[in-house]
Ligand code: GLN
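Quick setup: one chain, the form predicted on its own, written in structure tokens, and binding and motion questions come after.
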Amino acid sequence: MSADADDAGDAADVLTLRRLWQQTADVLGSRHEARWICEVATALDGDEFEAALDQPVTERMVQHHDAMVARYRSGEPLQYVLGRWGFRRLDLAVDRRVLIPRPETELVVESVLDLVRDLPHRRIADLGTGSGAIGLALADELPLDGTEIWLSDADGDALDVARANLAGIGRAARNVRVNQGDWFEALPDGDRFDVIVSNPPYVADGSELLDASVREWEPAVALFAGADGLDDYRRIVPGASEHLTTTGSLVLEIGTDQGAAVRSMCLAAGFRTVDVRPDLAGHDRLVIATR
């Protein structure tokens, strides 16, 4: 065999990023998911990934890649395999200590923005923050001046994830306070907020409607809330008024069958107006109650 032929054979044996991406897509049946895994394995994103497609990958990259593919094929959610997930303008770190951020929750953020965007000064408390998705998205999108966001969670492990994500939002991090505590116990005594927002646990214990992968992989403490899924609303709604300004609002994400029940709780707690709003699929998804 000629030297030229040997060189051609060696080149054909080189595992480039392009070939790794294609092989991964063949295994997973999705070029998008394959790319995300390859991006994380190689620490290359966007234009850098595209520019490196014909470059060889290292053994360490392949080992990282193979471990991620094995985890994903075992049933672990892609978001945990990647260790991150997009939420509005943020790229959040996520793992099994916190729920995976979902598109429905982005509507909660949008509703809070509508309530406070035009205020000269705004104080917001995100109770049960988990990864920090809601509160950090608000800090990221609201003006730097005149904004104060409190993030709280009873779970110290979840707050560790929120703190890691706080470090990634740049200058807006100066407006964020993080405190551990069970619902209102985490807030300063006597302080009032323009909005209290929460995506609390709202799945009924033993619910058969919950996807198996969610039940198996995501933290139960952030999912389940008693026989009817309403236990945490029974704690949040009655106590909210003591921590809201006279025109403040409580914004809650809810399960699709909980609109009427949570609305009744809010009216019984003295809120003057209560609005139940749908998600993009037309299902009840959030409640906005205003004093």
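Computed from a predicted structure; not experimentally measured. When you see a residue number, it is the position in the sequence shown, counting from 1.
Missing here is the form predicted together with the named molecule; even so, the following discussion is about that form.
J.: Looking at 243-251, 219-227, 39-47, 54-62, which lies within 4.5 angstroms of the named molecule in the predicted complex, counting heavy atoms?
T.: Going by heavy atoms within 4.5 Å, the stretch is 219-227.
J.: Would you please decide whether residue 101 lies within 4.5 angstroms of the named molecule in the predicted complex, comparing each non-hydrogen atom pair?
T.: It does not: once the named molecule is placed as it appears in the predicted complex, residue 101 has no heavy atom within 4.5 Å of it.
J.: Contact with the named molecule in the predicted complex for residue 175, defined as at least one heavy atom pair within 4.5 Å: yes or no?
T.: It does not: once the named molecule is placed as it appears in the predicted complex, residue 175 has no heavy atom within 4.5 Å of it.
J.: In the predicted complex, does residue 169 come within 4.5 Å of the named molecule, counting heavy atoms only?
T.: No - in the predicted complex, heavy atoms of residue 169 and the named molecule never come within 4.5 Å of each other.
J.: Would residue 82 sit within 4.5 Å of the named molecule in the predicted complex, counting heavy atoms only?
T.: No, no contact at 4.5 Å.
J.: Looking at 202, 183, 87, 150, which has any heavy atom no more than 4.5 Å from the named molecule in the predicted complex?
T.: Here the answer is residue option 202.
J.: Quick one: from 210, 93, 107, 116, grab the residue that has a heavy atom within 4.5 Å of the named molecule in the predicted complex.
T.: The residue in contact is 210.
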